[in-house]
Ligand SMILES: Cc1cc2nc3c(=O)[nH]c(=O)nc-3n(C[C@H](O)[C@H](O)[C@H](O)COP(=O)(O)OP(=O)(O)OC[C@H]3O[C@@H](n4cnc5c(N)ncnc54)[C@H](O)[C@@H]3O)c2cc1C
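Coming up is one lone chain in structure tokens, specifically the form predicted alone.
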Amino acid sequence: MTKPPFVLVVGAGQAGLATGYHLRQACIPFVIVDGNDRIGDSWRRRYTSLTLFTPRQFSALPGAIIPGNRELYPTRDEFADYLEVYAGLFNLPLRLNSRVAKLQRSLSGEFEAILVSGEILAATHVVIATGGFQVPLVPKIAAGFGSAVTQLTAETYRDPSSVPDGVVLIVGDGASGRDIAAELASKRPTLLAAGKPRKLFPERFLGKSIWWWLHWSGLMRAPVDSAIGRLMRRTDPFPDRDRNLASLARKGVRLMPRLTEAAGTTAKFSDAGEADIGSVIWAVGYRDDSDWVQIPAAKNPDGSFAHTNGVSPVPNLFFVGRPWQRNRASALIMGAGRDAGAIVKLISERK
């Protein structure tokens, strides 16, 4: 007889809670572990003015709406509190303050999760739901700045009070970089160093949220290996919520080309321009924190997690919440429920 499945879900953010919801519906025993003190703390640590990428109607997990105007965007704290209420609403089995220090396979083939406390949790199946935004990238060029330059990331920046007086350089013009630049421009002399060309689409079209059109047209569900999926992944557009470069310039943001060199307090750019700065905020992306997974086949040579549509090459190991796990929606809250449902369906079929 095969042992009935017991699923360990690592991470109690939106991906982990959505997985818990579907496991509960499938009557599969499970537990969700998370290293934080409270559900939603990973959101509460982000910059204060953060609002979600998508409006409320597309920011809910399965089975529970987010109260409020469905056309507007939830705040950071509002969504964090929603996650906390969600976990209680469905009575999801949680263990907080339980960070996994090491995940390995036992001789019997089960998974063993060793917590920082030393406790060992055994499971037949594991779903890693730690998300795709784990460790902020800080490029090697950062070492060129001297000690007089305060260096932050999009994770450690909170609000303008966290940045000292003087010129601030934001490196990376994705959604977070542009948000921070727009907020700082009225408080500090602000430079924004761009990277690759960005494509923005209108926030609303014919009176509807652009997310409504993307959702109902099926574009958000286009498979990652489809022609449309490959095009969307290559261009990676995001909505223009008054964050186009012209709007930022009107707010007082000085737009700069790519940063090429750092020397003391001097930032040098690809057009041979220079600027003397007092602080820099790195908003150039994230990498996986995968050192704790002590299963070589679970990772690519660069340390990123290996998977196809959330299915690891390691039997009974799965992922939810990976960017482009199945489609563009996978990295967004709107995709967490569908992706979690697909993974739980596989677990149910293989038990």
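Numbers follow the displayed sequence, beginning with 1. Please read all numbers here as calculations on a predicted model, not as lab measurements.
Unshown form predicted in complex with this ligand; subsequent notes refer to it.
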- Residue stretch of 28-36, 309-317, 63-71, 294-302 approaching this ligand in the predicted complex, non-hydrogen atom distance within 4.5 Å: 28-36
- Query: From the list F133, W212, F145, F111, which entry has a heavy atom within 4.5 Å of this ligand in the predicted complex?
  - Reply: F133
- Message: With a cut-off of 4.5 Å between heavy atoms, is I333 one of the residues that contacts this ligand in the predicted complex?
- Response: yes
- in the predicted complex, Q14 touching this ligand (heavy atom, 4.5 Å): yes
- Item | Any non-hydrogen atom of R46 within 4.5 angstroms of this ligand in the predicted complex | yes
- Would A129 show up as a contact with this ligand in the predicted complex if we use heavy atoms at 4.5 Å? yes
- Query: Would you say all of T54, V100 and S176 touch this ligand in the predicted complex, counting a heavy atom within 4.5 Å as a touch?
  - Reply: yes
